[in-house]
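Here you get one chain, nothing else, as structure tokens; it is the form predicted alone.
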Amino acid sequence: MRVLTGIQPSGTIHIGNYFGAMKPILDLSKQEESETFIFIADLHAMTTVNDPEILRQATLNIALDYLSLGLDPDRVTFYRQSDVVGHSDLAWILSNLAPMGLLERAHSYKDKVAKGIDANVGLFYYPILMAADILLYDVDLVPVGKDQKQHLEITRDLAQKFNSNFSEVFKLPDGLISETTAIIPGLDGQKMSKSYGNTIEVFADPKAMKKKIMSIQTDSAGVDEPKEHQGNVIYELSKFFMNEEELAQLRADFINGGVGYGDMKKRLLENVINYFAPHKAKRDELAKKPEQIEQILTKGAQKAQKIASHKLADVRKVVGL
């Protein structure tokens, strides 16, 4: 089973990113039957990033994040999107099959424009490049969040139209839709998101981490009063960092009273720091070896290029190029 996912280099990762998108694909990559491709979508990032140094550093940072959080480059084909020739070529070919209305209906485009992001052509064209990213590799499964579900449907539409017009070249990928991301709460109880300013960064230093976690919004229940645990941000986040016995104890503390929110936050803080401590240490070491990161990405790109080149050759042949 070939699995592929891409991640934009768009800043510091937070707990929602990790448990909602990164950990599921890393866990999947450890399964024997899984052949996993993970790429850094630096071409996609250009729709919003115009500074070359920022883009380069963000790309290095996301590579460091994945490698320190458990990506095994011996099991995963890990590469920069821009290092593989063929993504943009296939996107152009697919664009000639894409009705304007199909892209105009894309929720992601409409939402970003509504938020004030400049409506450049790259942003409009984004779903076609995403389709090329996927179709180049004969992918079976694409893990995507709810916000990308429509883009995957566009990918399947374009593949079907191409196969119908020319030849059965493309495999139609299935989506693995993550329901987890939507239920990871931020500091204010909304979905954890950079756009809401309610995130807890995975690799924040302990002082910054403490400031964030101690600022979690709670109700006014006193120390001795029973408290509602369902939907409480402290409790919902603790589910990701506690074993069953620890979580049962926390639940009892909520129900019985006698423990204040301040102490619960301190317990959560300790668990979060301990969980990510070994990953942070690994990241600090890897950051001293940028040439090693470059070697890993280059090796991954070489492997991806072989597959992409064969697929693109098939496409060029059937369309008459």
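What you see is a predicted model, and the numbers here were worked out from it, not measured in a lab. Residue indices: 1-based, along the sequence shown.
Not pictured, yet referred to below: the form predicted in complex with ligand TRP.
inquiry  = At 4.5 Å between heavy atoms, only one of the stretches 35 to 43, 50 to 58, 280 to 288, 254 to 262 reaches ligand TRP in the model of the complex; which one is it?
reply    = It is the stretch 35 to 43.
query = Between the options Leu97, Met242, Val144, Ile216, which residue brings a heavy atom to within 4.5 Å of ligand TRP in the model of the complex?
reply = It is Val144 that has a heavy atom within 4.5 Å of the partner.
message = Can you work out which of Leu90, Val84, Val202, Ile134 has a heavy atom no more than 4.5 Å from ligand TRP in the model of the complex?
response = The residue from Leu90, Val84, Val202, Ile134 that makes the contact is Ile134.
message = Ser238 versus ligand TRP, in the model of the complex: is there a non-hydrogen atom within 4.5 Å?
response = No, no contact at 4.5 Å.
query = Taking 4.5 angstroms as the cut-off for heavy atoms, does Gln148 touch ligand TRP in the model of the complex?
reply = The answer is yes: Gln148 has a heavy atom within 4.5 Å of ligand TRP.
query = Phe162: heavy atom within 4.5 Å of ligand TRP in the model of the complex?
reply = No - in the model of the complex, heavy atoms of Phe162 and ligand TRP never come within 4.5 Å of each other.
query = Can Val315 be called a contact residue for ligand TRP in the model of the complex at 4.5 Å between heavy atoms?
reply = Answer no; every heavy atom of Val315 is more than 4.5 Å from ligand TRP in the model of the complex.
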